[in-house]
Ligand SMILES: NC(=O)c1ccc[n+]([C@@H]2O[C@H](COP(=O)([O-])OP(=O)(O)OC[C@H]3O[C@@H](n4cnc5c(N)ncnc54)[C@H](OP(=O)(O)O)[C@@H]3O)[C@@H](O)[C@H]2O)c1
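The chain below stands alone, shown as structure tokens; this is the form predicted on its own.
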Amino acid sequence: MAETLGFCEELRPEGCGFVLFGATGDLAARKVLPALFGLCEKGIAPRNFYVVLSGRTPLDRPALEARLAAALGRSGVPPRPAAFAAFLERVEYLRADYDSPAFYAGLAAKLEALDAKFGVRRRRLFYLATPPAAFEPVSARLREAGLLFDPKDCTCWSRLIIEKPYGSSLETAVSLASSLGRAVPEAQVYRIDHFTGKETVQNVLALRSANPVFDGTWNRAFVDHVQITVLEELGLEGREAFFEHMGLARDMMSHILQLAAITAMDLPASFHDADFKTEKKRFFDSLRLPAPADVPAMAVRGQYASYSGQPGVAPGSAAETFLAFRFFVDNDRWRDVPFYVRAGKKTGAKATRIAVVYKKPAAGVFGAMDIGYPNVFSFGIQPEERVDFTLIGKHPGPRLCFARREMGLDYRPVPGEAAKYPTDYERLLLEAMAGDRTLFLSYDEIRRMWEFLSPLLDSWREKPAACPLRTYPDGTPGPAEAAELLRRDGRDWV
């Protein structure tokens, strides 16, 4: 039986050209190229649409097509021949020399020719799937070549998409934003965090706004605390050099605080860019910044046991692969409600979820006793996409005993349904084509994230004895001290 749908709102992106820098790199192969193909295969890319792939590797046409086929095959489902052939008709390759003005002049000429061929009219997305060090010089060269034009000056547009990490410190993040600002206005910068594109993350706000019974209790009067869990079964899978420089806290803090914002921000007047960004900014401005003296008690860092023996890892490395911490949001909705976070590599079964844990009864007939369980509203993000609500009821029998019961909802109850709709990256690329920045990160969010993270990093570097790096066995949910972080407050991970 077909599902009956209520109100629906659909993105309608304009025809455009998509330029992918770093097209022969790992990020392009794992995420961006499958997303571009998926949009075309599912019929949700613009009708007038083309792709220019640019990388340093020399590739003739057969080598390009073989490389694309291999990347799409590794992404999950090998492409159907007809769909792949149709995609190839939209794709061109240009060998890159990111430091050469001649390269950008050649790119400009190719884009003009493809605009004419596909009827696009100078509307272009530039995706920088390059190392962050290239963001500034590439954006500056694009500006010098006249490829980053302001939509106020014409009916055309150009947008710049960049990936994390957005700097490695507060100072480098500010410097990066300043350099990008010299090349293109902030309104034309799209900072991707793929967690915001996940259907179940968006469903948190949708459920709250469409069901007042939930949002009416989404506050300090009813909620005891909130938990955010991002655990991964895999280790670093060749990313040791990156982690030696960045560590998990820098790598994951954007994901973590985006999940927190979606959970805890006040509902916007609408789900369009300006209203959404206004409420999200209010949430970030309400984050209580850690005091350096509080870091040893509020955070636990760890490293899985086999990390130190992997190639590329320095002897005695202090890079963390696990992080747990507590924070507070100082606004009327959440004041004094603790938020607990844990995230890590090689921590057992993959699990990303948000749990809103309610207070136990404090008044009424059961107010004087501990019935044993709280209500828990849990959002499973991956690998399972589901919503669960824990209810407390009477256990069958002659005695008055309480038992916990789960009420669950699979987010995708129809087998194969997920294949019809955009993945996280597909959704975000579609939003960028439509000029909707709702799900992308603003500079204000990035700056506040670094203001929050900096005291932790400073304390770990300057006072390592007070903030020791805990070792945990591979495949376990982090060091024991992460559980103790909650137990000191009379709570446990759910």
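Remember, it's a predicted structure, so these values are computed and weren't measured experimentally. Each residue number is its position in the shown sequence, starting from 1.
What comes next is about the form predicted in complex with this ligand, which is not displayed.
The partner is not drawn, yet in the predicted complex one stretch among 458-466, 52-60, 427-435, 442-450 has residues with heavy atoms inside 4.5 Å of this ligand: 52-60. Checked against this ligand in the predicted complex, the residues Pro79, Pro374, Pro165, Gly247 give one hit for a heavy atom within 4.5 Å, which is Pro165. Only one of Val329, Ala129, Ala343, Val201 comes within 4.5 Å of this ligand in the predicted complex through a heavy atom, and that residue is Ala129.
Of the heavy atoms in Arg30, some are within 4.5 Å of this ligand in the predicted complex. Within this chain, Pro477 is remote from the site of this ligand in the predicted complex, having no heavy atom within 4.5 Å.
Proximity of Gly22 to this ligand in the predicted complex: non-hydrogen atoms within 4.5 Å are present.
At a distance threshold of 4.5 angstroms between non-hydrogen atoms, Tyr98 is in contact with this ligand in the predicted complex.
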